[in-house]
Structure formats: C-alpha cells, structure tokens
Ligand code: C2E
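This document opens with one chain alone, in structure tokens, the form predicted on its own.
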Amino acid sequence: MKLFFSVLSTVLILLLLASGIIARYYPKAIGRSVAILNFSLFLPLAGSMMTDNTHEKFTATVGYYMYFIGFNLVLLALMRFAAEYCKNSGTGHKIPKFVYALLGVDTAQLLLNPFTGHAFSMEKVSMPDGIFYRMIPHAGQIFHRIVDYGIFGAVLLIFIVMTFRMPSIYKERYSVIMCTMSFAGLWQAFCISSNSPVDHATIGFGFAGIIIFYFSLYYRPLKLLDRLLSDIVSEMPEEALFLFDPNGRCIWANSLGSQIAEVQKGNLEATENFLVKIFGESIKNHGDWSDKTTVQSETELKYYTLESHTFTDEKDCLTGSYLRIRDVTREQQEVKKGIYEATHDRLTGLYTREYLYQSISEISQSFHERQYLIVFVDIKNFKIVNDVFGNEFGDYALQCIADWVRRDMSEYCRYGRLVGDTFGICVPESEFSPKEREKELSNFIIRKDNTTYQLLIHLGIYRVAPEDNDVSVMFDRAHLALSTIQDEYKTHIAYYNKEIREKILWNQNISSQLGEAIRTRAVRPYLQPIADRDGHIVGAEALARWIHPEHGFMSPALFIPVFEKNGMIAEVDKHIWRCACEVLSEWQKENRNLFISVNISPKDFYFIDVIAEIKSLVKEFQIPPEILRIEITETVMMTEAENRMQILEDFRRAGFIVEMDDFGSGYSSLNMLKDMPVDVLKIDMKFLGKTDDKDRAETIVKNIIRLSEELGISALTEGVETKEQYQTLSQMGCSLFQGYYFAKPLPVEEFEKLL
C-alpha cells in the first residue's frame, strides 16, 4: 500500500505541476488563480510523502512542517481561486484581511514549535508496512486545525451558495467542485478522527486540484448545451432547420421545418421527398451550398433562401449535414416596394426621369434594329389648371395623361414622368401614328365630377440615330422641337430637324462673340431719321446693328431674338445707350438740336437697374435728359404693370421723354393708355395693312391720333414708305414720322451727312 500511495502521490504532483504551468498561460485571469492553487498543493503532497516513506524522525518532522505550512498556502490559494471564480460568474467575493492575519499567525506559531513544543510532538509507531512517526497534537495544532478548517468551510460554503444560485448551465461545474472539495475535507477529517499514523487525505486535495483545473478552465456542459441549443433552435420563428445523417436521412427538424415539410411528429422518413417537391432536386445535395428560390403558394409568390452545410469530426470524416430554409418573402416585398418607389413616380405610377433614362439606355442596342422616337410631352399653361380648379383636379389630370401615355404601349416602349407637367416616351416609330395622336390631342378633355377642362398638349419628337447614347440630350432635342410650333392650338406635334440644330449652334456661336463685338464696336447703333410735318429731321431712333467680320452686315433678326431669349439683350441695350449718349454729346458740341430714341427691352428690367443706368449715362456725358428719349413696347407693361408705371413716371420726373412703341398691336392698349405715363405714341403703319377695309382702318388711326392729342400725347407714325401715306397721316394730325420714305437706318456718319 505504501508503494501504491507513493506512486499515486508522485503522479499527482507531476499532474499538478503540469496543469499549473498550463493554467499559468491561460488567457483569462482565472488561469493564474488555478496555477497558484495547483503549485501550492505541491508542498503538502511532498510533505505527506516524506512522512509516509521515512524511518527517520527528523525527515518525518520536516515532512509535517511542510504539510502544515503548505496547507496554509493551499487555503490561501483556494480563497483566491474562489474569489476570482465567483467574480467571473457574476458575483464578486473579496478575501477578508483577517484571513491573511489568521494564516500568518498560524504559520508563525508553527515555525516556533521546534523551540516551544506547543504545537505538536512525534511518537514512533510500528505498522505492518514499517515504522511511522505519528504526530501528537498540542494546543498549537488545535489552533491550526480551527483556522484551516474554518477557512476551508468558508470556501466550501461559497461554492454551496453559488451552486444553488447559478443557472443550470453553470450549476453542474460548481456542484462538481463543491463535491470534490467536500470529499477531500471529509477524508481529511476521517484521518484526523481515526488517529491513524498514516494520512493519505492529501491525495484527495491533489485530485481536487486537478478537477478544479479541468472544470474551471476547460469543461463545457455539452449535454446541457445541446439541450438548450435544441430548445432555442426549435423555437426559431423564421428559420426551418433540418439535420441529416451521413447517408442523407433526416434525423431532426424544428417546429417550422416540420410545418413546411408536412412532417408528422416523429415521422421524418418522408421529409426529403416533401422538400424536393417544394424546392426542387437541389435539396438532395447535402454538401456546402446556398441558393435562393421562389414558390407559388395559393395566395402569393413566396421567396426562400436555402443554405446547407456539412459536419465533420476531428478526423475530417463526414458526420452529417444541416439544411436551413428561411422565408424572406416579407423582406423581398419590402425591397421590391423600395425599388418601385425609387423608380416610379408616386402620383402617376410611371417611371421617374432617372429610371426612364436608365431603362432607355439599356435598350440602346435596339436602336440599330429599328427606328425609335423620343417624345417629349408638354402640357401648356398647366399652372392655370391648379390655380383655377385646385391641386386635386390637377393631380387627377396628370393621372389621366399618364393613362393616355401608357395606353397601347408595347414591350419595346419606355415611358415616364420627367418633371412637373412633362412626360417622356421612347417608342418605335412603327408604333407611333402622328395622325391619331394629333386627333386625340385636338380634343383632350379632362372630366371629374362637374368639372370639365380641355388640356393643350404638345409633343416634341426626336428621331434617334444609331450613334446616339446620351438620353438627356435626346429629350432636350425633342423639347427644342416644340419651339417650332407657331399655331399652338392647331398644331400639337413637332419634329426636331437639322434646321433647329443649326439654329442652336448659331445662337451659341453669336452669343459667345457678343462681348468681343461690343468691345470692338462691331455692334453699333444705326440711326433712322424721325421727321416732323414739314419733313425736317428732328431726331432719330437708335437701332442695334452688327457688322460681323465673317458674315458682314447681319440682319437684326439673326441676333436680336436670340439675345432677347437668353437675356444678353441687356448688354446690347447698355452698349447702344452709351453710344447714343456719345453721339448726342458730340451733337451738343456742334449745336445740333436733335434727339435720339433708345429702346428698352422687357428683359432689361430683370438684369439691370434701368433708370439708374440711364441717369448715370446722362450725367457722365452731360447731356439734357429730354434729348435721350426712352422707347418702350406695350409688352413691357404686361407684367408687373404697377412697378413699370412707377419706373416710367420716375423717367418723366427726371426730364426724359417716354415713347410707347407698337401701340395698337396688343390687346389692352386703350385700357392702359389712361394710366400710362407716356409722352409719345408710336403707331405702326402695319396696323393699316391688317385689314381689307382701309377706310375703317384709317378711321381708327385718325381717332387714335385725335385721342392722343386730347390726352396731350404726341403721335409718331413709323413704317411710312410713300408720299401718299405721309400726306394722309399729316392730314389726320400726326406730328412725327419715321420710315423708308425719309430714310432707312443709317450709320452715324451717313446720318450726319443726310442732315
């Protein structure tokens, strides 16, 4: 027996040293506590071996000291382990300071025993296995036992409490450590109470150290974990799970899996057949793969993701596989809803502009196969619909137009809402009938409740060329085609052509050259004489002309409308105003008592402070304001009439003479005349040419002239080309005349020669 326990103790010592070294390098703090505990068990185990295997009293005595003092170290390490282990488990315990004091006092009194003999003494005992030296306890030994067993009991109590407080998954390892310590403590108590000369109870603490090492660092409650994981997986609400053995037979399915595969409880044999029927033959492949599929149910199309993985053991042998099926119908519906909302207009359900452009780009390869048309759909004056009938009726009108756009569209067509009240269509030319569309648009009526309104809709069309690839440019060209419509109530469809392109290029070209033309005086004023009743020239109208270095003399019709449209007319007008002031300044020096009329475009009011600009020029060139006459058209007053009236009044207060050009060509001249602060009415001779009843037209002109006289306004007739016209107008009372009968517009030098 002595040999058996010696060998067993040696094995335990080696295991404790090895486990202590391993625990020392464990990544968590608990590993250090386990290492200290296992290293501390070396001393009492070694001391116990010395007392059991010696026939010498001295060696036995040293063994007892090693045992008692070593056991104090073990208890201190055990307290440290309990504090650290319970902290990792969620409950903190600190070692009380008095524990250190008690163990320190006990160790000190044991070390004094060789001098005082108060702790224990030795007696020789003969046993069948040989001679042993039994320890005879005295008062110091009794104190030692009280301290050690008190501390040991406290540690044991901690583990008892933790065993009952911990969840099931942790309770197992706490209870194992508690039972091992209890067994070692009871074995020790039995050896003490039996007064046996041989104490092998230390072996129990050695086993306890090994068990603590395993259960605190490496043990995992696999069965309990399996049960918990099984419960969790079984209750997963969104995923169906199936486990298969290495032969591909289903051995387990959670509740949702059983529901999908129509598996009765405990009957898993037919699982695979049901899954194949629902999801296809790919289910039979139990390797590592994933897939997406759709299944048409009785009420809707359902979407699923399928994922399969295999299990292998430590030898990389196949042990089984699992299949996970997830119903992602709701997610897919949300994704589709999001995509639809991002690519479709919320009001009309048509494509958005961005998605329309993208979808047209995707079919661009078809441009080589068939001729396509890009159609720009524009609703004229749609703002009136919202203002008069309200936004609800306006939205309904847009929905009606959207229905009209999508009607009769084939799979080769693309269409959407561009922005506001404009729509875009890409359609094969073979599917587009201009006559039918023109007929539909000539009477496009919206009816809702008791409200009826006829919309005016225009279509701009661009024929796509095979080399075209920029969709936005195509729609821009289709939009530009609308600018060619003259009679917008009769014609509803216009095609983009080469002339439009050339016009755009021309407009861009001359617009880019304007700055240089003004700087070099290529743009200059031409003066058209204004004569009185006696035929004497009393003034002139300054008209902008451009002597182009490449194109020569350019008709105003080639550039004035362009600048009127893009707003650059303001730069032209400012230049002509300055030139007119320069001429008038020179005339003043030469004592020529003449005036010059300068034109103010409606666009000037948007880009410059007109009155401040002209006042500044008059001041700069030191000329009387009355010789620089201000000429406006009736259209200037069509917008912001009250503000424009105030500007004209400011001109008159400053001493300027204000002329109204093209009087009679508008629709509200007589109505506005009573309020307009003007000094001269310019009547165009074309007014007389608008009707076959010349007598009636002359009567109207005569009364306009008479009316102007009664209002204190001078009448100036422009476009006078014959002597007969001049004489007739003179008899009617007209005081000023302008036209080719006197002279065409002339350069300043020629005008001065004419004088």
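Please read these numbers as outputs of a predicted model, since none were measured by experiment. From 1 onward, residues are counted along the sequence shown.
There is another form of this protein, the form predicted together with the named molecule, and it is not shown here; the text below is about that form.
Query raised in the report: Pick from G104, G655, P549, P556: which residue has any heavy atom within 4.5 angstroms of the named molecule in the model of the complex?
Result: Answer to the contact question: P556.
**Report entry** Contact residue in the model of the complex, from L306, C86, L543, V155 (heavy atom within 4.5 Å of the named molecule)
**Finding:** If I apply the 4.5 Å criterion carefully, the residue I get is L543.
Query raised in the report: With the partner removed from view, which of 398-406, 337-345, 568-576, 155-163 is the stretch that lies within 4.5 Å of the named molecule in the model of the complex, judged by heavy atom distances?
Result: The contacting stretch here is 568-576.
Query - Touches the named molecule in the model of the complex: I560 (any heavy atom, 4.5 Å) - result: Yes - in the model of the complex, heavy atoms of I560 and the named molecule come within 4.5 Å of each other.
Requested in this report: Although the named molecule is absent from this view, report whether E631 comes within 4.5 Å of it in the model of the complex, heavy atoms only.
Outcome: Contact with the named molecule, yes.
Report task. Could you confirm whether K686 comes within 4.5 Å of the named molecule in the model of the complex, counting heavy atoms only? Result -> Yes, K686 is a contact residue.
**Report entry** Proximity of I704 to the named molecule in the model of the complex, heavy atoms at 4.5 Å
**Finding:** Result no; I704 lies far from the named molecule in the model of the complex.
Query raised in the report: Relative to the named molecule in the model of the complex, which residues of 695-722 have a heavy atom no more than 4.5 Å away?
Result: Counting only heavy atoms within 4.5 Å of the named molecule in the model of the complex, the contacting residues of 695-722 are E718, G719, V720, E721.
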